[in-house]
Structure formats: C-alpha cells, structure tokens
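So this first bit is one chain, no partners, the form predicted on its own, shown in structure tokens.
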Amino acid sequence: MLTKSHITAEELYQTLRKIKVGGTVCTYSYKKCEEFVPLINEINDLKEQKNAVILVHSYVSPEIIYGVGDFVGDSYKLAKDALSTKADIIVFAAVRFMGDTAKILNPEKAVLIPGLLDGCTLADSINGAQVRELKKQFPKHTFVCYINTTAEVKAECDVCVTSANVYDIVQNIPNDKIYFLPDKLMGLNLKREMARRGVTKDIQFYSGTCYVHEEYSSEQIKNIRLEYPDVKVVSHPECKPEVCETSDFVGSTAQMLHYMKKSRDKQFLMLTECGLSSRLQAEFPNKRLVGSCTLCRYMKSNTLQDILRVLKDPTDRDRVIIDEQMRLRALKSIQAMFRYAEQN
C-alpha cells in the first residue's frame, strides 16, 4: 500500500494508472490523482494526530485503498485487524455491518462509518426479531450467521462465519441441524459443499441475497468461455450454485485474490464486486481481466471527502453505537467463529 504521511500525485498515478474498471468510476488520469492527493495527505496527517486507523474493504474505491487504507482485505481479515489495532479511532470504509463487527470487538474505541449509503441488501434482509421467530420454528438447529449481518442478528445466533470459513465451520459444528442466514445462495452452496464432502446435515437457510452477486449467470460464463477458451472463472460463494459449479475457483475475496496471484494463467473472469478487479489490475498488471464486474453502490459510497469529514467532525450518524448487552451476546458468536476457525 502507498499509505504514508505524504504522497505525490506521481506516486499515486503510478499505482492507479493501470486500473480500468467500472466505466469512469475507477479510471485514473494524472489530473484526477492530483485532485486526490491533498485530501489523502490531509487524512494521513489527521490519522497520526488522532491515533486513528482506516480499515478498508477490497470493494471500496482504489484511491481509498491505496491512498489512506491501513488495513485492506475481506470481512474476516478486517475483523482480526480491528481486534489487533491499538488505535483510539477506527474509520471503517465499507458498510455499517462491518463497523458493527469492529465495535463489537473494540467497545472502548470510537468506530466511524464514512459511507453515506451504509446499508447492504444482504444484511438488511433480516433483523433480530425475525431471527427470534425462526428460532421458535427450528428450536433444535444451531443458528449460523454470515458476517454480513447486523449486531442484533449476530446477538441472536450461535456462530458467525465468513465466506472464507463457512464450509469448515459448519462441518465442525457438532449439531447435524443447521440454520444458515441470511444468504440463500450461499446456503445452497453450503448444502452442495457438505454433500460433496460426504457430511450429512439438515441445512435450512433464509432468503436474503447480495444484489451484486445474484446478477451473475452460468450463461454469462458460457459466453465468455466461447470467446476466451483459456479463461479461468473465479467466483464468490454468494453467487448462484450453477455459477459456482461452472467456475474454476470459488472463494472469499481474499482467497480469490490469492488464487489469481499464484496462478500461472493470464486471463480471468472475476465474478464479484469490481473493487477486487481494481486490486488485481493495480497489483498484478500482467494478469488480464475479461468480461465485466458489478459495482456495489454501498461500498462505492465511501469517499475521501467523507473519510476526512468523519475524522474532523463526526456526527451521531457516523458513529457506531451498540447496546452493551447486545454487544456481549453478539461477541459470543464472533468468538465462536474464531474458535472454530482455529481448529482448521
């Protein structure tokens, strides 16, 4: 990452110039980099003054990732990073449920969310009251929630999981009755993977979806393979099962990036949010992306201007505030995730 106290427009441009995704959203001229640099340098100065760190999801715009991000990665990595930081202030450039996780793990720290659209179609598909009703319907099931959920949902569940560890954790849970929420597509992929591993479990799941990942289709993959027969298709487990079944690799954003970094292949179709495509182009310019990716309007609502604003003068809306009893209950599900993840 570029992050240091001060960077130049030339340094930023050399990092971002090969990124060409999302139309004009993630395309960088030297002039554009010149406009970003004063904001970046002011943010980095303020971080030092206020003992703040900026956690950035890979789906956020590249000027944030490479300009001001202290920790960059997927949900699981950022949860661990939030736990390890000694900063007084955490600015989470992502969506609110990720800020919730950081606050659950760091109650003594101020956690700020700069994104003006801080929701998520997946996380917003279910609330705590709905989980309580489901628990009445499925009293013998262990409730497993994806990390893409709010604090109140995590507080009602037994174990939290990420796209990187969901399969191993569910396999290791001693109960053979599992209720997975909120992602129905990941739930379907979970059932398919357990069957492939020869693990017999009764898996029920909720009906939520990520609007970015549900757009991809097996027909899209078929058409791309006709044009690019050597392409490697890399997808996220939030995609439809038929998409995952016809992919060469399925994994979390961090696992996808690692797969492409290690692969000797040169052409990839990446079926996830465009931010990961930006990282691939910036960090591995010898790899070629084919086809298209999809922008998440929530992740892309994070801007340098709003990061600077919340560092200078945060409003109540920017702050993540969680009731202490709820936080402690949600913490149990995250701690259970860490315990199960360490078994593998």
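All of these numbers come straight from a predicted model, not from anything done at the bench. Don't overthink the numbering: it's just position in the shown sequence, from 1.
Same protein, other form: the form predicted in complex with a small molecule, not shown, and the subject of what follows.
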Since the chain is shown here on its own, which stretch among 233 to 241, 200 to 208, 103 to 111, 171 to 179 would lie within 4.5 Å of the small molecule in the predicted bound form, judged by heavy atoms?
233 to 241
Though only this chain appears here, would M98 touch the small molecule in the predicted bound form if you measure heavy atom gaps against 4.5 Å?
yes
Just checking whether E156 would be counted as a contact of the small molecule in the predicted bound form - the rule being heavy atoms within 4.5 angstroms.
no
In the predicted bound form, is there a heavy atom of the small molecule that lies within 4.5 Å of any heavy atom of N189, even though the partner is absent here?
no
Report yes if any heavy atom of F268 sits within 4.5 Å of a heavy atom of the small molecule in the predicted bound form; otherwise report no.
no
Check all three, Y146, S163 and H213, heavy atom within 4.5 Å of the small molecule in the predicted bound form
yes
